[in-house]
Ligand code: HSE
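Have a look below at one chain only, the form predicted alone, in structure tokens format.
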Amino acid sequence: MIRIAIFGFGAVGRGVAEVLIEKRDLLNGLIGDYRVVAVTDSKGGIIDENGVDLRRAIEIKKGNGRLPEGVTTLDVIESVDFDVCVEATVTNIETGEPGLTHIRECLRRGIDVVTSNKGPLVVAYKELVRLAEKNDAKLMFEATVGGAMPIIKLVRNDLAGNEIYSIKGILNGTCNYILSRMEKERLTYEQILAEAKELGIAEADPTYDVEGIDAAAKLVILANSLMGMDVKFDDVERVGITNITPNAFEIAMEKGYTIRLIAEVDRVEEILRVSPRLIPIQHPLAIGGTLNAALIKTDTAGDIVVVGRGAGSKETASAIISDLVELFRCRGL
């Protein structure tokens, strides 16, 4: 029996819970039987070593906006017996907290971690990897980069043995939606941003997305985890999309180009940047909507392109579930 704790019960945490409910038969066939023994949010939580009623937990969260008070995530880590934590709390790229403490404490106890939280990996990737190795625990983080677009396991598993020269991609679905709509409609950034907010594609405060902060954080994770680099967030040259105009698209399209926010790490050229770039209209990265895409340059396999939906609770949950499956296949549990 696999015992799971979910830390963070916002859209992503609930998305994971929903998949665990909906796909129980399929997952039982892949990893064996499982139960969620604890769920927590920033205000409280539910513990049941016989298995939390996830449907009821989702109803409580949707109804009250919070789980019952009196239980903290650290209480769960210290007192509940579980095999793996799903860490899905809010990203903080400055301190990594509270997720960083949650992940550290689990790894110190030899508990495996699957996370969608970029902050801890941006702030302390090498420390967490060493901590996992020291305590024979696994740290899985496919969901931190690209939503449902598979890239971490693709490079580590399917491209194992290749040297990765560079990774160039679209890593933020909100920005891609705004730019592709500006391309099509020739409306202003402000008009399309308002539309994106109405559709729930952009946050009320879209700064993390439109200033390239989210994409830069993901780029740091890719550089450190897949290319063996040791870079920090402040090492990324970063320009957002707020100054892009409809006229810029007019000029670009006349010459056979479009504009996309491109995150790029290139070991040979010593490039680490996020910025709006001209992309040929027929280029694999000239995608529309909220899609993400990455072009991976390798020495043996050549160029590999991967595309996937980069935003949404179910899409991120898909990446978390794929990590859970790989984790327990590797563990042989």
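Rigid core: the largest C-alpha set superposing within 1.5 Å between the two forms. Note that residue numbering begins at 1 and tracks the sequence as displayed. Here the structure is a predicted model, which means the values were calculated and not measured.
The same protein also has a form predicted together with L-homoserine, omitted here; what follows describes it.
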Report summary line: Among Arg260, Lys118, Lys168, Arg181, just one has a heavy atom within 4.5 Å of L-homoserine in the predicted bound form, namely Lys118
Report task. Have a look at Ala132, Val76, Val84, Ile201 for me and say which one sits with a heavy atom within 4.5 Å of L-homoserine in the predicted bound form. Result -> Ile201
Query raised in the report: Within a 4.5 Å heavy atom cut-off, is Ser225 in contact with L-homoserine in the predicted bound form?
Result: no
Report task. Would you check, heavy atoms only and a 4.5 Å threshold, whether Asp112 touches L-homoserine in the predicted bound form? Result -> no
**Report entry** 4.5 Å heavy atom contact, Gly99 to L-homoserine in the predicted bound form
**Finding:** no
**Report entry** Glu142: touches L-homoserine in the predicted bound form, heavy atom cutoff 4.5 angstroms
**Finding:** no
Query raised in the report: Out of 207 to 215, 226 to 234, 249 to 257, 76 to 84, where are the residues with a heavy atom within 4.5 Å of L-homoserine in the predicted bound form?
Result: 207 to 215
Query raised in the report: What residues, if any, in 151 to 175 have a non-hydrogen atom within 4.5 angstroms of L-homoserine in the predicted bound form?
Result: Leu171, Asn172, Gly173, Thr174
Query raised in the report: Leu193: CA shift of at least 2 Å between this form and the one not shown after core fit?
Result: yes
